[in-house]
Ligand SMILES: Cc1ncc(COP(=O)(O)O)c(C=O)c1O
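Okay, so here's just one chain, in structure tokens, the form predicted alone.
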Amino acid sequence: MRCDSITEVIGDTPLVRISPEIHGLKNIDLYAKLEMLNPFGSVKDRAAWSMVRESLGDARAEGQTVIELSSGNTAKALAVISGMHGVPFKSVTNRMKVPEIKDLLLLIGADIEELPGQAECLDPTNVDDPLTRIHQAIAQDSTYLHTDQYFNQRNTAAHIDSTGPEIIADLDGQAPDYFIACVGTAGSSTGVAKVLREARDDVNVIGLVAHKSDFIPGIRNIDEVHEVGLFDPDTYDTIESVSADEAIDGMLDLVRRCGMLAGPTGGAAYYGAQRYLQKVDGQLEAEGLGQRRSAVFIVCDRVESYMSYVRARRPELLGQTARPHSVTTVRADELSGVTALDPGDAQEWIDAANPIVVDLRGAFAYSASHIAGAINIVDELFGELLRGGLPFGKSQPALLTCPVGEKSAKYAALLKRMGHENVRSLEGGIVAWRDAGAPLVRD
């Protein structure tokens, strides 16, 4: 292959059959679409190139900056492509959750602005969310070329024009019986599903999301996915969830047994595909008709950028001792035993018990607004302090707060396990506190 530009290498990724000895399916051929082999490392290369390729010349001439609400692969691909064409790139996000991606963006030359948003995913119906406000503002600002991945139909078109047809071509002109995809912006799953269904209308499309309050890079959880502009529930025959642990288990199979250096998103796709198809395979086996089926899932990106993600959740995989008090070890019974106070009860308890109030959000969100007297300890640092160094003793009353009350509840459960009996979690988090009209201060 000889090319004049690295962008010519985007697409035409291979479809690789997973050995039945690994997945155990007797009647189904399972294929992995290796989007991790795109030049910038992910399926987002296609969408990024599709969204900017026709506008970069004008953007450079007019001195515009490409801007996107992304903290991951879309930002990475746009940063590379923009830099190649002499156009600045700016990433706007509520918080960079994967430090390796942040470092890489800075290395490429991207400008990063982290806002005190309430969720990683844009919610256009929440007009008070800073991420929504900047989304609206940049749409009117001519100094920016806003690629708008959550609503840009070119995101979906990239997969209608290339990914979907490539799958059919590699299956000798036939669409698979099953297509399994993780749902992020919904661009790839929507585009591929459209092409496959045009080839045959009985294709089963299975969308995968993260468990509620769980974090898998690049995948929306069951609450967030309905806020994505490109998401249409009618695209999917079934939507199932995958936990972070299951995503890592799937990733290990791909990395260790298949030779595919896939990241956790690809692991989630493989785990979800295998779990769903095992039921189908069992039915086919029971029928005994000898019918074979085919299935395709997408390996979104590579593992190298997620070492800190793996280390935080499964340190034993990296030769480190598992931490006895980490949020991943919180059991359901421990979580149900946490005392969660609504904003009204929390204000009364603050007045009566004078607890230390710990705000677990990022520093930017804390500085924008917080409960008076609260101290800011970002959740990752708080997790480290649980191993020794907490700024309060077991007898000190403590109220933990976070954006929506889920993370604070898990850390409150851990503190109770460690003997902190007088700890509470703010139910609904700072969002509920704000919505209740309770006072917030700004530093």
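Quick caveat: nothing in here was measured; it's all calculated off a predicted structure. For every residue, the number given is its place in the sequence shown, counted from 1.
FYI, the form predicted in complex with this ligand isn't displayed, but the following is about it.
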Considering this ligand in the predicted bound form, which of Gln274, Thr163, Thr185, Thr235 comes within 4.5 Å of it through any heavy atom? Thr185
With this ligand left out of view, which of Thr265, Ser91, Thr147, Ser82 would have a heavy atom within 4.5 Å of it in the predicted bound form? Thr265
Taking the shortest heavy atom distance, is Met251 within 4.5 Å of this ligand in the predicted bound form? no
Is Asp359 near this ligand? Define near as a heavy atom within 4.5 Å, in the predicted bound form. no
Touches this ligand in the predicted bound form: Ile219 (any heavy atom, 4.5 Å): yes
Is there a heavy atom of Ile180 lying 4.5 Å or less from a heavy atom of this ligand in the predicted bound form? no
Just one of 365-373, 298-306, 333-341, 105-113 has residues with a heavy atom within 4.5 Å of this ligand in the predicted bound form, so point it out. 298-306
Can you list, in sequence order, the residues from 19-41 that come within 4.5 Å of this ligand in the predicted bound form, counting heavy atoms only? none
